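Quick setup: one chain, the form predicted on its own, written in structure tokens, and binding and motion questions come after.
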């Protein structure tokens, strides 16, 4: 049975390893009786090794939240994808809107993706428009962003790439709008077609799409009925009550 992938992006939380272990333990308990759901925990990188030691089974994997675009060298404070993989990461989030605001343009994102794939990590590439216009110009923006970010990356890596659609207008506590299931279905099909055309694959099943935009148990029911393959969850992944409810809804689909 195909599993729905739920990526928990803890961002710069929590502030101590002790609390991180508690959140991880709560997540394991929430998953214990669920089928059809796989969770990827993306904690601050300093917690990766310790949390990896606490894991067991195949329902939870680990990911990193970002990396540098060089493998090694005189780069004070930076972390390479090889370091993250040897610390326990299987996945890595790249191109997140917060990192793009911090200076990661498409060229830098492309460099990071190439290095992460070469290092053996599966890439979760975040894309998304600032606003939706009635004329559909955001489709052109999305297509260009995806193609620029994946420039020079061959078809053999497609199985290691997931696209996380995170429209900026639906992100954060002060988000202007909540995406509808119809809107998500439309853009999921569009993104899959962009990748099918780029890599000349025969089936949409070869392309995996996640949705990330203020994802919570309150909105997940209808969104889980679309053709999306999983979800990228931020703040609600840190709450046992909220994340457990979200996983139960997804697991019931």
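Positions refer to the first chain, counted from 1. Predicted model, so just to flag it, every value in this text is computed and none were measured.
A second form of this protein, the form predicted in complex with ligand PGA, is not displayed here; the remarks below concern that form.
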Answer key, ligand PGA contact in the model of the complex at 4.5 Å (heavy atoms) among 115, 171, 161, 83: the residue is 171
Interface check vs ligand PGA in the model of the complex: of 215, 42, 184, 39, the one with a heavy atom inside 4.5 Å is 215
- May I ask you to state whether residue 166 is within 4.5 Å of ligand PGA in the model of the complex, using heavy atom distances? yes
Item to complete: Report yes if any heavy atom of residue 233 sits within 4.5 Å of a heavy atom of ligand PGA in the model of the complex; otherwise report no.
Response: yes
- Task: Although ligand PGA is absent from this view, report whether residue 98 comes within 4.5 Å of it in the model of the complex, heavy atoms only.
- Result: yes
(message) Can you tell me if residue 242 lies within 4.5 angstroms of ligand PGA in the model of the complex, counting non-hydrogen atoms only?
(response) no
Of the candidate stretches 207-215, 26-34, 42-50, 193-201, the one with residues having heavy atoms within 4.5 Å of ligand PGA in the model of the complex is 207-215
